Structure formats: C-alpha cells, structure tokens
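Only one chain is included here, represented as structure tokens and corresponding to the form predicted alone.
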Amino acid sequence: MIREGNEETDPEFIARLASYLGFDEKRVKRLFEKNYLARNWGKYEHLLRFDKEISHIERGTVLYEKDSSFEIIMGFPKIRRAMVLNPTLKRHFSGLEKVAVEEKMNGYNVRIAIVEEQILAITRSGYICPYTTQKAKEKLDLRFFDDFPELVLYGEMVGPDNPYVSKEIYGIESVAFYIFDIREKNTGKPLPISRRHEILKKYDFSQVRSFNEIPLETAAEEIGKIVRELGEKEHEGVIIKDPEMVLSPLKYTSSQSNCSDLRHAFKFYNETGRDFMLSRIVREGFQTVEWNENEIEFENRCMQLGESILDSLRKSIRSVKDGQRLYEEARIRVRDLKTAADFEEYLKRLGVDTIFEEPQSVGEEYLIIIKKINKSTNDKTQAIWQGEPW
C-alpha cells in the first residue's frame, strides 16, 4: 500500500503503527517530530526509516505498510569489538566449543531485499541508493527473491567502482557483492551459518571468505595469525561468530586497517570525528601489548602509525597552501546514464558536495569520475594558513 506521505498527521495510521511497534501513540508522534522516524525521498517517500536507534530497533531500519499491517527490514546490528582476543573470546562465547571466523571486508554495507515487488538496495542509514540498487540487479541472481521473499541479504559492496569505499585490494574489476548474513524480515533473525552457506551456494552468490570453525580454546592464537596475514595484504580483519548465530558476533581488525582509516581521517581532519581517530589509536596500543611485540616490532608500529597521521596531514595542508581544493575521488560504472543522474541527485539530497566529470565510454558502459569536495577541511585549513587561531 503506497500512501501520500501524511503519516505524521494521520491518527489512524499513528495508532496502527504504535500498536505494531509496541509503543504508545505519543511516542510515535515524537519520533516523527524529531525526525527519528523519517521518510525516504521521491518515489520511495512512503518507506519510513529510523534515523536513530530506538529501543530494540536499529538505526537504518526500514518500515512500510503491507496489507493491513506493516513489514520491517531491520538495520545492521551493532557488532562490538574485541580489543584483546583471548579473554574477550572466552568471556563472550562462553559455552561454545567452536567459533566461526569470516573475513571483514572493506566496502560499503548494504541490505538487498524485495519491497513491494521491487528489488531495492538499502544503505546503512536506511536510504534507497539508486546506484547500488541497479548494481544489485545486474550482479545478483534475482531468483533468490522469488524463492525467499521473506529474507534479506546483508552484504558488502566491494571494488574500485564503489563510490563510497573504493578499494583495489580485492582484484575486482568493477564492483561485487559479498554476502555475510541472511536475515528474516520483521524479526531480523539471522540464519545459521551452515544454512546461509547452503542457500548462497545454490544461487552462486559471492560470500565473505570463511576461515571455518576454530576451537574456542585455541581461537585467540589462530585468529591472531589470520589477522596478521590479512594485514600484510592491506585487508581489514575478521568477524568472529557463533555458528548458530544465537550469540552476537565480535570484530577484530589489523593494524594496517587502523592506519588506513587514520590516513583517510587525517586527510580530512575537520570532517572526521575525534572519537573515530582516538579509538583507532587506542586499538594500536592494546594490540602491541597483546601481541607482546619486541622493541623493533613496536618501533615499526610507531612509524606506521605516525606516518599514517602526519603524512596525510602534511599533504592536505600543502595542497591548500598551494591553492588546491581537497577532494575525495571515487568512480561509478553504469550502463544507463539515467542511473548516474539519479545517483548525483541522491548525493545532493544527502548534502554531499560533488563534481561529476564527463562520462567515458568503456565497452557497453560509462565510467564516471566523481570528486567529493570536503568543504570543512578546506575552509579550516585555509583560515589557519591565513592566520586564524585554532
């Protein structure tokens, strides 16, 4: 059922929604007033999204009317981080004999689901991304949604033509989707890992790399080795899971991933939150102690960490000093230029300042370079260079 977007003032709708969510009506009205529960845009305006975590409902959850009730696609559950492996694993997964270990890929989180007979790609924030939606339709076997309309694919969009997190490290020509979870609509309940593998294999979907199940007693040592090897390839780290997906997962990342994040953060230092920067530096401190590094290893870590921070800062300051504008370069590849136009409009609605360069023909597709201008860091650096105090 598609409505005209007057949910906030429709008493009957408010009453039904409050009953469905288990909230009182005043609380639902307040959610609308504060934009914690907000509408998507344009033709998806009738799809509501939670812009803030509320009770048991994750941020980015999408809600819409279906028949005489509602259907809900839950957001991405928070995954807590293991700062040190051995005590954390034994405490968090107490009672399990084994844990499943999978690669944490460096891309962009997306949920893909069928909504009102349409395949949609939903971002972590609950928006419908036109570019990701089109790529999902091109890359995935859509028969999955005919057979399992009640399931949602949770995955990572990875590759150099990813306009959000562009990475060349996986050997992907354009973009690909790597699935790490399948969850039920409405409940958000995940399928056990063995069942997920079985279904995804049937449709030839790419899955995140699995390091199989590891005995809990030796997991810390074995995961440490895995993460060191991933780090040498500039890969991010791992997700550690209960094979039955009853207990919540944990994540653990490589030093190289922390430094890569800091390299980007300090390039655009005035856009990136201080908590983002501090947390990654603190991770480095815990990891060097946990891994019992000798002085040479510690010095190498210090050099890598310091260079990640200062080299990015130096390049940004020099660029602004020389009259250049700081920007982040990304690219997309489309078959239809309308998809690019829709995506450009989508980024404008998000408030992202971009320049889309002229399309380049590549076979039967168009490659488009996108420059995302980071205005805050540009302006702050320019002001400081002209004498403004910090």
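Don't overthink the numbering: it's just position in the shown sequence, from 1. None of the values given here were measured: they were computed from a predicted structure.
There is another form of this protein, the form predicted together with another copy of the chain, and it is not shown here; the text below is about that form.
Listed stretches are 287 to 295, 167 to 175, 229 to 237, 138 to 146; the contact stretch with another copy of the chain in the predicted complex is 287 to 295, by a heavy atom cutoff of 4.5 Å.
Taking Y127, F180, F266, F205 one by one, only a single residue has any non-hydrogen atom within 4.5 Å of another copy of the chain in the predicted complex, and it is F266. Put simply, of K189, H197, R209, R318 only one has a heavy atom within 4.5 Å of another copy of the chain in the predicted complex, and it is R318. Contact with another copy of the chain in the predicted complex, defined as a heavy atom within 4.5 Å, is made by all three of R80, V282 and T381. Using a 4.5 Å cutoff between non-hydrogen atoms, M245 does not count as a contact of another copy of the chain in the predicted complex.
At the 4.5 Å threshold, heavy atoms of G306 reach another copy of the chain in the predicted complex. Looking at Q256, you'd find every heavy atom of it more than 4.5 angstroms from another copy of the chain in the predicted complex. Although the partner is absent here, R274 lies within 4.5 Å of another copy of the chain in the predicted complex, judged by heavy atoms.
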